[in-house]
Structures are given as C-alpha cells and as structure tokens.
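As structure tokens, one chain now follows by itself in the form predicted on its own.
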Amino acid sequence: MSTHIPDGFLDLQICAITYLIVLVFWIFAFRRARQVLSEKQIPLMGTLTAMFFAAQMMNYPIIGGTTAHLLGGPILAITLGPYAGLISMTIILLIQALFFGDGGITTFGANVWNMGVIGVFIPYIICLIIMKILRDRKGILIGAFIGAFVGDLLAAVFAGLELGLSTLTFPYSVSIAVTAMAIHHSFIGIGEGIVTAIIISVLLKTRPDLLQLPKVSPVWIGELPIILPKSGGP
C-alpha cells in the first residue's frame, strides 16, 4: 500500500501525462527557488532532505499486515515552502528509484505528482488557511496536523486513481484501488499528522526562526503568517 508506484503498474499514457504536469511544476519551482533561497535556507533544505530520505527508509507496521513510513512533505512545505518541498521530494524519490528500487523510472512523474506535489502543496495550503483563521501557535499545530493528514490521504487517492485508470497494466478498477489506498492511508495520515505537529511544536520551542524564513512558494498562494515566540522563550 505504498504510494511509491513501481515500473509496469501504470499505462504509458498515465506516465506521460503525470510527467508533463510535474514538468510544469519543476520549471516554476526551480525558477522561484533561484529567487528566494538564501544561504541560510540551503543548508536547512539539505538537512531536511537527508533526514526525510532516511525517514522514508524506516517502515512501521499498520493494520492488515502492511507497513508505512513518514513522507515528510508537510514539514518540508511548512518550513521551506511548497516549491522547495517539491525539489526536496524530487531528489528523495529519484535516489530511491535509481539506487533502492523504491518506485520506478517510468512512474517517476506519477510518484512526484502524488508525494512531491499533492503531498506538499495540499498540507501547505491547508495550514495557511487555518493559520489565517487561528493566528497563533495553536493554529500552526492544528494546520500542520490536518494538512499532513489530508495531504497524505489525497496523495494515496491519486495513486489509487492512477493505478485504477491503468487498465492495460493494473487488474483492479478505480473504485477498488482508490478505496484500498484511502482506507490504509487514513491511518497512515494520522501518524503523518501527529509527527508533523510534534516536529513543528519542537521547532516553535527551540528554533522559531527557522519557521520565519521566507517560503519558496507561488506568489498566488502566499506565505504562512509569522508566529512569534512566547515572551521569555528562546
């Protein structure tokens, strides 16, 4: 029930469409990154990319005898912005596909769309909306949890949709594939939400400055409101 789709599971038309869509996001992401990324953000981006690459290699058991792992997209989006999160997730997924057989080359565009676009942009947008309603520390934690949960769930739903629409290579219908992915990832999403909220809470207490860095995000989405540390805190 992983969202890493291997080679041979998607029809070539689905692979081509997802590659083209992701290509557009890559162009805008790298263009925006050149404008926004600073010397302070680049080491943080490298550290988070390495951390979530390692985190994705560690699986934990869930219901039904299958396993899951942390995606990390929501944290990348909230700390660096969704475009930077997309670039980090692209690097992670590329290394996994080339050297560890986790995911595929023909399905690379679909995997980046699911985990690097849906799994990054959706959490950021939801967190942004909630923080504009609850403009305090509680707002970012609630936004981080709900955003991570919904982002993880939708990434799985898109993976199920791509598999179900691949009638030449996948034996199950859209309804079966989407339902199976959604049920399992509703539990995985809760774990992603809890871990995301905990990490953001730790950053708020220890390094709130990292959450106040400029975000590499589309201008039309905007940036997360700045959360100031409590008086007397670090």
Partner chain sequence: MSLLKAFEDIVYAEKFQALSGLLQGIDPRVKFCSLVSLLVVAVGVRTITPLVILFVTITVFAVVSKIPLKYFFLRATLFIPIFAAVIALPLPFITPGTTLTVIGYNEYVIYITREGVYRALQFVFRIWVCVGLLVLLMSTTRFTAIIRALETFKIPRVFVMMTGVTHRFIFLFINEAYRMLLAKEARNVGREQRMQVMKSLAYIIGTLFIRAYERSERVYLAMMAKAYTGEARSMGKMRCSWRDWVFGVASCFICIIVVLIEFLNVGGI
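Residue numbers count along the first chain shown, from 1. Treat the numbers as computed from the prediction; the structure is a model and nothing was measured. Heads up, when I say rigid core I mean the largest set of C-alphas that superpose within 1.5 Å between the two forms.
The same protein also has a form predicted in complex with the partner chain, omitted here; what follows describes it.
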Next item on the list: With heavy atoms only and a cut-off of 4.5 Å, decide whether I91 touches the partner chain in the predicted complex.
Entry: yes
Margin query: If we define contact as a non-hydrogen atom of the residue within 4.5 angstroms of the partner, is I199 a contact of the partner chain in the predicted complex?
Written below: yes
Margin query: Against the partner chain in the predicted complex, would A177 count as a contact residue? Criterion: heavy atoms within 4.5 Å.
Written below: no
Note to self: I'd like to know if A182 sits close to the partner chain in the predicted complex, meaning any non-hydrogen atom pair within 4.5 angstroms.
What the structure shows: no
Item checked: Listed residue (L141, A97, I118, I126) with a non-hydrogen atom within 4.5 angstroms of the partner chain in the predicted complex -> A97
Margin query: Under the 4.5 Å heavy atom criterion, name the residues of 190 to 212 that approach the partner chain in the predicted complex, in sequence order.
Written below: G191, I194, V195, I198, I199, V202, L203, K205, T206, R207, L210
Next item on the list: Using a superposition on the rigid core, decide whether the Cα position of S175 changes by 2 angstroms or more between the shown form and the other one.
Entry: no
Note to self: When the rigid core is used for the superposition, does S166 move between the shown form and the other one (threshold: C-alpha shift of 2 Å or more)?
What the structure shows: no
Check: Has the Cα of I198 moved 2 Å or more between the shown form and the other one, judged after a core fit?
Finding: no
